[in-house]
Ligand code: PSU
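The chain below stands alone and is given in structure tokens; this is the form predicted on its own.
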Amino acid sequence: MSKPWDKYLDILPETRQALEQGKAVVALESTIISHGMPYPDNLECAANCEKIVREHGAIPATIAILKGRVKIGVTWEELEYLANAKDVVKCSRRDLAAILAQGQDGATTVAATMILADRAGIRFFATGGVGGVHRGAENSMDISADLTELQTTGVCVVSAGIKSILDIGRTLEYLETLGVPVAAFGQDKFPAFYTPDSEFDAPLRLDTPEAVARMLKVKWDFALQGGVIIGNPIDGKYAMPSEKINGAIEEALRRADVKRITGKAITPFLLDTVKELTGGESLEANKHLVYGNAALAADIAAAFAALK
């Protein structure tokens, strides 16, 4: 039975067939392409993520909005366009209706990608890092819509933790309040994006894709609303020294405060400034943590498909 939103979705034939056959499919976001990395690193990263998902037994579905159409899976030409275009809107939940109605291009954040993946029937999503409670949020009230989306939308999000430019401790507390299951993969500490370990214990530890898949099956069998975060630590050989990355983040935050940068612009500004301050080292770490997340998300999706 068709749904009202089906008329807005363009699903690649390969992706549609995989979904109809109950095969493993992994959603990939487009904000990392249009707003997260410079060209040509963004195109290289996006292409490698799709390749890695395939190598781990799943079908990749990069999600974006092009000329007011939701793309569930993109062609190579569309991927190149997203990597080069300068006027693609950073699109979260609040922006979706307007972007679609006005026929614009949109790069989807974690929240928007979760929504569109869910509407297409995709339950697994690999990203870099999840948004969260910003440092100083007790004054700014800057809290990412990613968190409330996780409360309501039933998608498993594999990330390298909360972006370390944010307040990881307060974000974990907020996720607990929202009732969102949060697990670290293969370790007790929750990962910190550029580094494997934060100072915070993970609420839950899961050691294999099969263990994650079994938990998800029980959660969804019980119709427990909302998503799950699987915090996948960056491979140690690509991780950054804590002192170096934390120093760069503090300086980036100081510059953002001086320039009064807020809202949608703050995360791209901080990531770009951190890249500058680390001589590009943070960009390389970012790429490799995304690759690890793509691999793990595909492994979990394949394990879940095997359960069914």
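Numbers for residues come from their place in the sequence shown, where the first is 1. Since we're looking at a predicted model, the values are computed, not measured.
Although not depicted, the form predicted in complex with the ligand is the subject of the following passage.
- Partner proximity in the predicted complex, defined as non-hydrogen atoms within 4.5 angstroms of the ligand, places exactly one of 69-77, 125-133, 226-234, 179-187 at the interface: 125-133.
- Mapping the unseen interface onto this chain, P60 falls outside it, with no heavy atom inside 4.5 Å of the ligand in the predicted complex.
- Although the partner is absent here, N286 sits close enough that one of its heavy atoms falls within 4.5 Å of the ligand in the predicted complex.
- Interface residue remark: S198 is not counted as part of the site for the ligand in the predicted complex, having no heavy atom within 4.5 Å.
- For the chain shown alone, S144 is a contact residue for the ligand in the predicted complex, at least one non-hydrogen atom being within 4.5 angstroms.
- Looking at the ligand in the predicted complex, residues T31, G36 and V110 each place a heavy atom within 4.5 Å of it.
- Think of it this way: in the predicted complex, the ligand has a heavy atom of just one of K90, R205, K219, R170 within 4.5 Å, and the residue is K90.
- Note on the partner interface in the predicted complex: the residue among I65, L271, C45, I245 having a heavy atom within 4.5 angstroms of the ligand is L271.
- Contacts between 175-195 and the ligand, taken as any heavy atom within 4.5 Å in the predicted complex, involve only F193.
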